[in-house]
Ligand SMILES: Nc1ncnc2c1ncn2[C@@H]1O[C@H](COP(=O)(O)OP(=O)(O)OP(=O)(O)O)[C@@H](O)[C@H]1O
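Here we start with a single chain on its own, the form predicted alone, put down as structure tokens.
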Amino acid sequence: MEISWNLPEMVSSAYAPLFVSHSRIIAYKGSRGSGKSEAMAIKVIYDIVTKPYVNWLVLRRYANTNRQSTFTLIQKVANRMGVSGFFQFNASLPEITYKPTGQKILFRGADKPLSITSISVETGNLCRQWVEEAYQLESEEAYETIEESMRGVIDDPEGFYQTIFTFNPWSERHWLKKRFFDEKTKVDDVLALTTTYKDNPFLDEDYIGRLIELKRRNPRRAKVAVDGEWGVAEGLVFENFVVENFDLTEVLKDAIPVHGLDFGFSHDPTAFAEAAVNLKTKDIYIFNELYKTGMFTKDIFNWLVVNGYQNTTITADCAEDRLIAELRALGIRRINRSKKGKGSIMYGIDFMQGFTIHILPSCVHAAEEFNSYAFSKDKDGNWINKPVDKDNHFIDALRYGLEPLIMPNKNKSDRMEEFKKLGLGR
């Protein structure tokens, strides 16, 4: 079989290390549109075809997210590289087999790390690992368990083991930074790199324009999403949160479920928050989200019905009475207006700061907002007790959902008195 590939025409030079480096770990943090996932899909196919000893493990936080992301991307890239006919694509597992040799591309989730350690392959070695959206791996211990699957003697004298991480660096507090990027603490044999949209020559002008507009509208968020730099914890409204897995069945035994809805359309997303609140232990558990732009009333209604919220009590943004009325008319009978007032935002924030907030890793947008929602600065650059009105659509939805638990038996005037006592109202 003769295959003619010109890698410089297929992949940006920023990703050349993927094809020439033998480093045990390669960690690519980067912005949106930087092309890191596309480059990795090419790397997966390239190594399988050119190195008969290589088998791949493609890992994401949850196994079911692979099917519509990494599996589909690799299939598309194999077709573009002109070799899809040499592969058998089994979407139900999912699994990809290189038919000439039997080499495998396996897809798994990090939510069951012990099951990964027992994986074996019939041809060659399981010696390559791609951890996509690695930021969602909240447990360093789970990663270390998974690394145990990369073991054994490679028969090929030029063979080597390699794990590649690709992710958006939403918070400088994540273990990935300390382990792979910080000079004083990073492990040996690591190549750590940063790429941005400027490293991707295949982007269209419209997409680039949207990224540049984000830099103008929201510089803090753009630092991660456009520049590929670590999200800075300084000035965050919430520092009492953790992104982690939890047993929802156990959580719901002693907690109160809450549901909130914040409306958006073009630049701002419609956001739905579902959480469980344990008032005794002072814990909030976030376990479901909607976060999407361009949704009409009918779209929101359909999403709520499909996801089983038609008869759920929901507190929604009171600034959109028309949308609330339309949803009620369509059949969402238990949707209520939020009770906004002067100081209500800060009172809700103060309430939330009194809890430990646990976020399931699948709630990606919730985690991004909690890592981005920051206080404002005055003209002298000092932090002030007023959040910037950005990166807060999910957080606003959650705050609406919590309203029934925030002084539930107090009328408006009583609430305003409480605001004043806290220095939150006028």
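One-based numbering along the sequence shown. Here the structure is a predicted model, which is why all the values come from computation and not from measurement.
A second form of this protein, the form predicted together with the named molecule, is not displayed here; the remarks below concern that form.
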Given 200 to 208, 288 to 296, 110 to 118, 251 to 259, the stretch touching the named molecule in the model of the complex at heavy atoms within 4.5 Å is 200 to 208
From Ile25, Leu18, Leu402, Val11: within 4.5 Å of the named molecule in the model of the complex by heavy atoms is Val11
The one option of Asn168, Gln129, Ser171, Ser344 with any heavy atom within 4.5 Å of the named molecule in the model of the complex is Asn168
- Query: Within 4.5 Å of the named molecule in the model of the complex, do we find a heavy atom from each of Ala319, Arg333 and Asn336?
  - Reply: no
(request) Please check if Asn55 has a heavy atom lying within 4.5 Å of any heavy atom of the named molecule in the model of the complex. (result) no
TODO: Would you check, heavy atoms only and a 4.5 Å threshold, whether Ser376 touches the named molecule in the model of the complex?
DONE: no
Using a 4.5 Å heavy atom cut-off, state whether Glu133 contacts the named molecule in the model of the complex.
yes
Does at least one non-hydrogen atom of Lys386 fall within 4.5 angstroms of the named molecule in the model of the complex?
-> no
Near the named molecule in the model of the complex, with a heavy atom at 4.5 Å or closer, the residues from 54 to 74 are none
